[in-house]
Every structure is written in C-alpha cells, then in structure tokens.
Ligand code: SAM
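Consider the single chain below, provided in structure tokens and representing the form predicted on its own.
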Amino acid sequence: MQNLIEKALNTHQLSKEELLFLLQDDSNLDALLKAADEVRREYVGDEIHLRGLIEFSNFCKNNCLYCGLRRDNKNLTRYRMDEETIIALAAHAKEMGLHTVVLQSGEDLHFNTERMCRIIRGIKELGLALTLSIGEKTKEEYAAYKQAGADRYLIRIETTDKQLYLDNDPGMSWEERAACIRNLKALGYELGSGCLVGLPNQSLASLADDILFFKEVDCDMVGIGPFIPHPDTPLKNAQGRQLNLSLKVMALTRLLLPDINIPATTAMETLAPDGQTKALNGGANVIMPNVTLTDYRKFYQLYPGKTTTGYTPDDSLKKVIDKIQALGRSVGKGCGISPHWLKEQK
C-alpha cells in the first residue's frame, strides 16, 4: 500500500487496479490525506482561494433522483433572482474582497443565452473572474458565454458508470454530459468537473474510473461531493453520507492531478463539523463562501442540512476566513486561476 502511495506521490500515475486497491483499504485514509497535502503544498501552495457562490435559481427541468431541486419535488418553494439582483450580489462579493464569483442554478430555461450573456457582461464589468455552473448547454451556448466573458465552467460528470448515471438521471444522456465537458475544454474554459460519492449501487471500481476520467479530460478543477439523501427525493432512505470515502477519492484526485484546484465542499462540512478542515488538510485549496441572499438559501436544497443556510454573505465569509487562519494558511490573492490551466496556455 505504501509503495502505491509513494508511486502516486512521485509519478502522479496509477492504474485502475492500483486505485481500486487503495480505495478498498480502510486503513490508509490518513496516509493518503498526508500525501495529497504534500502534493498540494508543492504544486499549488498554501493559499486557499475563495469563490463567492451565488445560487440564483432553484428551478430545474431535470429530475435527478438524488437532488432536492429535482423537477418533481413539489415541497420546494421555487425562486429565481432577476438580473439586477444577481449583478448586485456579485458587486457585494467584490466589496467583501472576493475576486471570483460562481453563478450556480438548476437547469432553468428562463435564463436563455441572451439573458445569461447580459448577466455575464454585467459581472465582468466589475472586474471579477466568473465561473458558471448551470448545467448542460450546446457548444454554441458555451461559446456565447465565453465570448461574453465567462472564465470557468463547472459541470460534474456525477459518475462514469453509465448505468448508474441512467438509473439516477432519468431522461438524460451520459454521452451528452461527457460531450459538454469536452466542448468546454475545447473552447478554452478553465474546466471543472467532479463526482458524487456514495450513491446506491456505486462501486469502488467506478470511483477509480471517475478519477481516471478527470485526468483523461484534463480537468483544471475537480469537486468531490458526498451524496447526502434528501427527504423529498426517491433516494430519501439511501445510506450515503460517506465522508471518509469522499476524502479518499479527493486525495487520490490530488495525487494524480497535482496542479489543479480542488474545493473543500460544503457537503463535507455538513457531514462533520471538521469536514472542510479535513479536506483542506488532505489536498483541497479552494472554498466557496455562499454570498446568496439569506432569504433564498433555505430554498436551494441540493441536499438537507447545508451548514451555510442561516448566514448572511458577510457571516459566511467571516467563518471561512476564521477557518483558514486557524489552519495557519492564507487567503489567496487574485482570482486563483488553476495552475494547470495556466500551464496549458503557455
């Protein structure tokens, strides 16, 4: 086991069989996190980059079994912000000292290409880096967002197990999702993807495939999210909540993709009070403080129990900065461009 960790540490290469062996071993979490932290320090440094998260609509046309925003959830109060509110929140994020904002929503058809491009241009006029996380679009739409000024795009593959994807994402196509990821890379975005860990019937072999997929498509950022069952979804009685396995997948991702950005996700903090701290000590170098208006937050329920729900944007940022300082790390300066993406541009 230690030989494999050393191999990953020194070569950033592991086969599927080697990844599976490490994922199967319940005793190696601490060693993996330590190795991933060493790689993180060497390749991306001690700064922790902040991205202000704006959850601007919880309408979604999709019906994914694991997501609280799913179309058939009738217990959810739906909202969508107007363009002026979204841009005003981005302006407040800048006043708070943030250099990047992330616009995230369900797949809401109200926000057509023209409307999204107006929002993008309004935010870019503020001098901020902009990440979009708004789902599957055509290559032409992605190109329009890029021309309007969008810098980064996050779209998780969720799982590389095609049957598992079809089982949990009815009416969707794994091939189409993978094509979206490749289109974004071809258009020059800083590409972010990721997976859910702990879905029912998910195998460790498929998680190994997920990690290799991130390397294959040349991700610049990868977010690993533990699956947390939502009471208003078909998977409400599923087990999920696999923090340690999520941390292990995250650490292995850092070992194989040493110079990318990796967030310590809010879902990890939801599962344990020190979940984000463990992630930051195990390879992560990004946090996304929530700058959504407080009144909206309780309605953006991808999963239950989100730790950021009751806080104002300023409170959320203060908690994140306190956490970073407690670790002896520093808040990143500038917009935190992925070193991997920068290297590709040379």
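Since the model is a prediction, treat every value here as computed from it, not as a measurement. From 1 onward, residues are counted along the sequence shown.
One more form of this protein, predicted together with S-adenosylmethionine (SAM), exists but is not displayed; see below.
Just one of T253, Q104, S246, N261 comes within 4.5 Å of S-adenosylmethionine (SAM) in the predicted bound form, counting any heavy atom, and that one is Q104. Between the options L50, L280, C67, V44, the residue in contact with S-adenosylmethionine (SAM) in the predicted bound form by a heavy atom within 4.5 angstroms is C67. Figure note: of the listed segments 80 to 88, 208 to 216, 182 to 190, 224 to 232, the one touching S-adenosylmethionine (SAM) in the predicted bound form, with heavy atoms no more than 4.5 Å away, is 224 to 232.
Proximity of Y300 to S-adenosylmethionine (SAM) in the predicted bound form: non-hydrogen atoms within 4.5 Å are present. Heavy atoms of R156 reach within 4.5 Å of S-adenosylmethionine (SAM) in the predicted bound form, making it an interface residue. Contact annotation for G149: none of its heavy atoms lies within 4.5 Å of S-adenosylmethionine (SAM) in the predicted bound form. R177 belongs to the set of residues with a heavy atom inside 4.5 Å of S-adenosylmethionine (SAM) in the predicted bound form. Contact annotation for 106 to 142: residues with any non-hydrogen atom within 4.5 angstroms of S-adenosylmethionine (SAM) in the predicted bound form are G106, E107, S133, I134, G135, listed in sequence order.
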